[in-house]
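Quick heads-up: the structure tokens below are two forms of one chain, split into structure 1 and structure 2.
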Structure 1
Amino acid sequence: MDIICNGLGFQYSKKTEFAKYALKDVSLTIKSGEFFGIIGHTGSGKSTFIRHLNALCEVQEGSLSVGEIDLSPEKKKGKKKKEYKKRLKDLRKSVGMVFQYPEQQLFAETVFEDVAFGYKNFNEKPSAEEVEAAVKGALSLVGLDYNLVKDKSPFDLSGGQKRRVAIAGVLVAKPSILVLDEPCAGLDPAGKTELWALLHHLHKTTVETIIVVSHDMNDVAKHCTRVAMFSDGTLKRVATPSELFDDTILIEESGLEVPVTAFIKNELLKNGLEIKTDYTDDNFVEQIVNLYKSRQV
């Protein structure tokens, strides 16, 4: 499923004196299979953009389609309201959305019930066996022991486990696109590493496309195949991390920090030492070592 948007624009409190563009003229295609990064400072429009992918913001200007599902404004007029609702459901089933601190959305008495919530919402009268199989599958995907946690209250789990349960509650609908907003926020270093590993595992197995919003440029350089950078409501750049971080000035103008590797590369360049790198740690080390060896007399 590809995500295609053209000239997407959005204002909060539209038609009031408080109206303000949160998103302006965004055209972007995210192809099926990508591990896509979204970066931008707070208030850059990145949150508004990902809300569109789940129709939590209605398309006001421009067009947006996710796979076969067209979300453009003219598609929901008149008698088509019921049909639009069905489309919404299809969309939300195929685009899983993990918000920041997703553990805050847990509500049910048991982990089982909480994870099952999404499955029951998206599937017409599922049998008990179907629900159980889906919940089992989702919990094992996030690395939790089904028998151990299913009857526990989600509120009795540790922070990291709660987050996994919340992610399982999204995965249970078997989305082909998974959108995550700052999935590592508040985790300890070990928890972060585990979560990135989980995302790569999902990308290899059940989820076609992963879209992740992150503040940490080192992570973005390390994990993403392509990156979109937002600033002040507009899309500033879409590129691979290596192309994007070549343009240090643009990154810093947008109030973001470049990865450590890009910082060092630029500083060395100022001293006449030039390397070409894609900014992943291993490639960076390789390039530095090559340069070092080539200068050895």
Structure 2
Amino acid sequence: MDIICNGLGFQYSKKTEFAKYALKDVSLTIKSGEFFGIIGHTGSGKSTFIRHLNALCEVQEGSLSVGEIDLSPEKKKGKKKKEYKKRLKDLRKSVGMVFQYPEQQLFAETVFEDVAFGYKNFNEKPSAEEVEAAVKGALSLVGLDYNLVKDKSPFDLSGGQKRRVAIAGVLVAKPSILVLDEPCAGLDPAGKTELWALLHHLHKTTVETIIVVSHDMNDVAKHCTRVAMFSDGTLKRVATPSELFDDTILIEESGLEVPVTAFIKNELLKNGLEIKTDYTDDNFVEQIVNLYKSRQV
């Protein structure tokens, strides 16, 4: 499912004296199969943009389609309104959203009930056996032991486990697109490494497209195939991480920090030492080793 928006605009408190644009004339295509990153300073519009992807924010200006589902404003009027509402359910089944703080999504007394809710919401009158199989499958996908966690309160789990349960509660609906807002917020280094490994596993085996909002440029450089940079509600640039982080002036002007690898590369360049890198850790180390070897000759 491709995501295509043209001239997307959105105002909070529209038609009031407090009206303010959160998005202005955003045109962007995210192709099916991408591991896509979205970056920008606080208030840049990135969270408002992703909330459009499963209609948590309704389109006010411009157009937006997710696969065959057209979310443009004219589709919500007159005779088309009833059909549009029906299609919202298909959209929210296809686009799973995981918020920054999993506590915002966890609500039931047990892990089983929490994950089962998503399955029941998108399947009419499923049998108890079907629900149990779906919950088992979703928890297995995120690396949790069904028998160990099913009867626990989700609020008694560790931060990393809560995040996995929140993801399982979305995966149980079998979405094509998984959207995560700051998925590693609050996790320790080991937890972050494990979560990124999980997301890549899901991308290879279960979910066609993953979209990640992140403030950590090191993570973006390492994990994303393409990146969209937002600033003050506008789309500043869409590029691969290597193309984007070559433009350190743009990054810094947007109030962001470059990855550590880009910082070191720039410091080397100041001293007359130039390397070419895609800014991932492995490639960067390889280029540094090659530079060292070339200067030893």
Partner chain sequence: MLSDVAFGQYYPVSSPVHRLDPRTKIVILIAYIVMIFLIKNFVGFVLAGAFLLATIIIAKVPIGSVIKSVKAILFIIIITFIINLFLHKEEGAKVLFDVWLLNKITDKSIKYALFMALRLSFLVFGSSLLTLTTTPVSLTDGIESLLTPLKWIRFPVHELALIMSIALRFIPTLMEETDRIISAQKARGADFETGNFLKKAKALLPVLIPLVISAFRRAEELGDAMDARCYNGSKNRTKYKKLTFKFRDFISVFITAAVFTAVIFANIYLGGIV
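Computed from a prediction, not measured in an experiment: that's the story for all the values here. Along the sequence of structure 1, residues get numbers from 1 upward. Rigid core here is just the name for the largest C-alpha set that superposes within 1.5 Å across the two forms.
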Task: Pair member that is the form predicted on its own - done: 2
Task: L291 CA shift between structure 1 and structure 2 in angstrom, with the core used for superposition - done: 2.7
